[in-house]
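Presented below, as structure tokens, is a lone chain in the form predicted alone.
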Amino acid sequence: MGITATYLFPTHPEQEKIAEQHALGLTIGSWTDIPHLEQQQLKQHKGEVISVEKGEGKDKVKIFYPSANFSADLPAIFTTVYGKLSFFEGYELIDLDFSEQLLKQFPGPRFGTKGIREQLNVMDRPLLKAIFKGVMGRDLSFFSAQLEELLAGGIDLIKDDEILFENELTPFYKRITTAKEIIDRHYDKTGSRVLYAVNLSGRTHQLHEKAERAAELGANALLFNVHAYGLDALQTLRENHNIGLPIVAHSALSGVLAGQEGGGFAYSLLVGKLTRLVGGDLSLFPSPYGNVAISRADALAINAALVEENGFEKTFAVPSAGIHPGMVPQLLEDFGDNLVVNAGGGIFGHPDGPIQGAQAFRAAIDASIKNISLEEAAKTSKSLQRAVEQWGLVDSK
């Protein structure tokens, strides 16, 4: 039982020897200098090089770490498999394969793709999520007006801006109760449910009390800046049954952890596999298309990790930044039915306002799942026509 870590090491003619040195250094220190009796005692702790594959510029190295070396939590695991290696230039951690027994120590999403769809009663199309915009320095009346407009446009989810923290004008608990009243009224009128992910923030020791109180007040989702707090903090929130809310895991700060060339984590591991294992129901990350972008290969790899069969519920992919209605066919091609279309400027920047902005997205989504071109759909949707005039189309072919 244990973990097999997959790395990219800078290529070297004696990579097997270097890999062996690291396998020993990250587990028992030295092997050959230890007397025979201690070798027998430490055998269960010794790291083992599984394979070395030569490559161009980088070699792929796999090392197995026995579970006797660490407790079953990510801080201990990260320190074991990458703590010292993180100081070596050009050494990347790209994957972790957990033994079945160790994998069972993680909770996975409480709801996941299936549970979120069931809550919203939307089973046959990508979901549409909006972002509150321009609320910094504005009061609850502004917040309420934005929410009313977004609901009128047909959104399924909405989240706080990740930089909206506790403040006097839109306090955390007031946001929850205000949004609940508006969303409940919307449901009574239309029969459509909407999730609002309020930004859970503050000192780490305050998070559980705040989240439990949020649930008591009627919050129906949380936004969490997971990499600012650490993946283990997300796991503890997921495992707290007094909270029991869907969690949108925001990828802020992951750019320095996974986005640096030649080092750090792979996006697919950090924002994909591990975010899912510790309980993220939705994983929000930069799209390949906007001005805050990651590569298409990285984005698709994240999505693949969010849906691979591993015994856990799937986690929704939420590619973000620079999304407008003309991109919907490309988004569907890239992310399939695991997609949440997430937009801020693409809704609020619509020339006719946010209601029409949200409706343009809904029209684009409905057309795309029916394999109708957006040019054709725009003939019968004024909101989509105006969005196409504003931003154009992205050819997915």
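What you are looking at is a predicted structure, and each value in this text was computed from that prediction instead of being measured. The first residue of the shown sequence is 1; numbering continues from there.
Not pictured, yet referred to below: the form predicted together with a small molecule.
- Using a 4.5 angstroms threshold between heavy atoms, Ala343 counts as touching the small molecule in the model of the complex.
- For Leu237, no non-hydrogen atom is located within 4.5 Å of the small molecule in the model of the complex, even though that partner is not displayed.
- Remark: Ser320 counts among the residues lining the small molecule in the model of the complex, judged by a heavy atom distance of 4.5 Å or less.
- The small molecule is not shown here, but in the model of the complex it comes within 4.5 Å of a heavy atom of Glu162.
- Only one of Pro286, Gly264, Gly153, Pro246 lies close to the small molecule in the model of the complex, with a heavy atom inside 4.5 Å, and it is Pro286.
- Checking Asn121, Ser295, Gln206, Asn291 against the small molecule in the model of the complex, a heavy atom within 4.5 Å turns up for just one residue: Asn291.
- Just one listed stretch, out of 210 to 218, 177 to 185, 95 to 103, 127 to 135, contacts the small molecule in the model of the complex at the 4.5 Å heavy atom level, and that stretch is 127 to 135.
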